[in-house]
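Read the single chain below, which is given as structure tokens and is the form predicted on its own.
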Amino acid sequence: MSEGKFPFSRRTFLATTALGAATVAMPSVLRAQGAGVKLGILHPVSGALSYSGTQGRLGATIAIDEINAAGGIKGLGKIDPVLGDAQSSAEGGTAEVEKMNSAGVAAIVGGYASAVCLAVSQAAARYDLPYVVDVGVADSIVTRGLKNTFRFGPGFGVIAKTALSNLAAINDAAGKPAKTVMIVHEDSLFGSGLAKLLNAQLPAQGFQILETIPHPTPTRDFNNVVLKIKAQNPDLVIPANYYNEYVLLARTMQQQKVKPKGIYSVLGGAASSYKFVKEFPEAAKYIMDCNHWFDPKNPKALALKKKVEDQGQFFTYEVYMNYSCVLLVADALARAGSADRAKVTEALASSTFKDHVMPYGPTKFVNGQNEGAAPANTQVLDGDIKVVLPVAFAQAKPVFPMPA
């Protein structure tokens, strides 16, 4: 295993996962003797999506470290992680599934990008290999009837519906200052699918779409895109792209002094990122996002956040989504009492797991989708990221329109 392919050396891996003496309590994870169980941890840790993939691996390995520190899984022993690099491509993800299947993993967690998750789920299905999607939001991942695939977080449909409903409510409460929109999206399965949903649903909420602008990943220059935004002067800009492109778009808007009434992201790749807020506070100020987020009122979530930040890392959604997904699989393994794939699949399908750090209800899989999952709306306020909706988890009220 080369560090060019897997950016964690053995020393770095151990340092990253040994994140403090305190161990977050987990149900069904007790001190036990057993031969151990192999778990595939699959992320794009090289290529265009390597930052998000590395963050996802971090969250997964933290959970594994905590489980193993508590003695492993009852009756099965400790988790032996089999790390894979999807190399930011569907083909790379599929190749890693083949390796993991040969290695005898009981299940796979991860994938991150929708295109990778789509390919990985199909490849894993050939071996009846349980696969838990960490982030990938394209609904086609779970609408093909694959019995092995389970998505812990919400998908496109739920997120878009929630995002637009919340946007309309925020706009209405402010006296409806926003009427026109421009959408800027990356052109893969994630961005294109979301743009299609937004184009279908925004007019019904009373918004006029002036233009929808696609771009590839990676994109190194957004000057022409921002000139288009400046020329059309929309009330709202809705970005849908991965981290690097999101940051570059926001910074270019700041540099060209383009100030719409709001930047309202739906699954914004950087809008809910502490890294973005810390490194580019002026570009990030007042940006709103509807995205995966942790429960800011959950003591376990806050303890995990501190643990990650004490190591000099950023507490991003990739971290806590993967952390929760590994706990979900560990719970299923314990209830199955076996690493047999069919039994693990059955245990996942019947899961009611709730000991996670997300603002979700109890886990309930229907056709592979966790019906208990829901996004949250955040806004960058006072140099921090705060939940503004739903009210049950809110830390502040939304500020809209953005102050001049």
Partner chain sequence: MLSPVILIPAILNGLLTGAVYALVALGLTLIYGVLHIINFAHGALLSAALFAAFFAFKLLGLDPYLAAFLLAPAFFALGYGLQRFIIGPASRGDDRNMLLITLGLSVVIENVLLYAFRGDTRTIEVPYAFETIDLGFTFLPIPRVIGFGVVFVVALLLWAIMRFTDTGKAIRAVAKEKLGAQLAGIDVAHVYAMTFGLGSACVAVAACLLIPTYYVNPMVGDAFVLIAFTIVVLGGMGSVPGALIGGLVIGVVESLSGLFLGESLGQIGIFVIFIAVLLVRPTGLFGVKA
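Positions refer to the first chain, counted from 1. The structure displayed is predicted, hence computed values, not measured ones.
One more form of this protein exists, namely the form predicted together with its partner chain; it is left out here, but the text below deals with it.
Segments offered: 41-49, 337-345, 58-66, 375-383. Contacting its partner chain in the predicted bound form at heavy atom distances within 4.5 Å is 41-49.
With a 4.5 Å cutoff on heavy atoms, Asp221 counts as touching its partner chain in the predicted bound form.
Leu227 belongs to the set of residues with a heavy atom inside 4.5 Å of its partner chain in the predicted bound form. Although the partner is absent here, Asp85 lies within 4.5 Å of its partner chain in the predicted bound form, judged by heavy atoms. When its partner chain is considered in the predicted bound form, Phe280 lines it closely, a heavy atom lying within 4.5 Å. Checked against its partner chain in the predicted bound form, the residues Asp128, Glu98, Glu211, Asp172 give one hit for a heavy atom within 4.5 Å, which is Glu211.
Distance criterion of 4.5 Å from any heavy atom to its partner chain in the predicted bound form singles out Gln255 from the list Asn233, Gln255, Gln201, Ser140.
Candidate site formed by Asp295, Pro359 and Ala396: none of these residues places a non-hydrogen atom within 4.5 angstroms of its partner chain in the predicted bound form.
Contacts to its partner chain in the predicted bound form (heavy atom within 4.5 Å) from stretch 171-192: Asp187 only.
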